[in-house]
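So this first bit is one chain, no partners, the form predicted alone, shown in structure tokens.
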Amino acid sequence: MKDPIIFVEHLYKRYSGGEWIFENASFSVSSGDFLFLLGSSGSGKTTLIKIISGQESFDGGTVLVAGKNLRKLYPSRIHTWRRHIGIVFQDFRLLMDLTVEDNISLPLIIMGFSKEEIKVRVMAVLRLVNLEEKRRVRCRFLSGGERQLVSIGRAIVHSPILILADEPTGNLDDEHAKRVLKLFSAFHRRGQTLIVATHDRRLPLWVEGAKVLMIHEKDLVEIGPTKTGESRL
């Protein structure tokens, strides 16, 4: 059995107004898993992604991610630790006046990679997301699907061991959504661990063998993995 890259036990989290989002919720994710986190709007998907990535605190329980106990991780160390994670956002969060390659380069610049290493990594990612011909185009001139591909490229360029995607297909049509999931499936085959948060119950059916975790009544219930023959990619 693979070691868990994420281990959550007896998680409690409440809104500032006092209502509980999670009560005594527990789950684990093994290294190399492809997991869909299903839940309706407002159920806590984004909150859980933020907790796992160290962007948001929690009220009780244990959260271990990539070998670190997040409750014991000093704030001064959180940014360094987060370099092990790649995050894909629904709203892209790109710098629209910068080019495709400049946006993808940003994490590497922040991490202090050399110019030579940045060039090699960015070109490899551009080939992977099929945006080589648009590498010098400013992101404001891209379609929504292309912007999401840039966002994915930026999230993976530093070779994270864990990729978190929060509603990555929420603003895309089916064609572009399937293209995004094909990319995620390729990352999974390379051994990376993925968690994709979504309200769309169709998405797990497009990725054969993916595990499914549903947010239900402030708890987390595993209902997967998807069966052979359900895949649509």
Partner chain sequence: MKIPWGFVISRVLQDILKEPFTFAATVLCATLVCFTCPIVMGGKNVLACLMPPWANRAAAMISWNAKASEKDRKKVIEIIQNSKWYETLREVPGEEVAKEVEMLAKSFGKESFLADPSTMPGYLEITLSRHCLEEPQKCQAFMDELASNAAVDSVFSGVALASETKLWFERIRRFFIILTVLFLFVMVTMVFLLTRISFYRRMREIYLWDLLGASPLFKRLACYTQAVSIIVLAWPLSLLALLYSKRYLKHLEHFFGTNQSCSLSVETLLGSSIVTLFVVASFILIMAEWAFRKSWNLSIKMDWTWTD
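Positions refer to the first chain, counted from 1. This is a predicted model, so every value here is computed, not measured.
As for the form predicted in complex with its partner chain, it is not shown, yet the points below apply to it.
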Only one of 136, 71, 79, 119 has a non-hydrogen atom within 4.5 angstroms of its partner chain in the model of the complex; which is it? 79
Should residue 145 be classed as touching its partner chain in the model of the complex when contacts are defined as heavy atoms within 4.5 Å? no
Can you tell me if residue 127 lies within 4.5 angstroms of its partner chain in the model of the complex, counting non-hydrogen atoms only? no
Can you work out whether residue 106 and its partner chain are in contact in the model of the complex, taking contact to mean some heavy atom pair no more than 4.5 Å apart? yes
Is residue 123 a contact residue for its partner chain in the model of the complex, using a 4.5 Å heavy atom cut-off? no
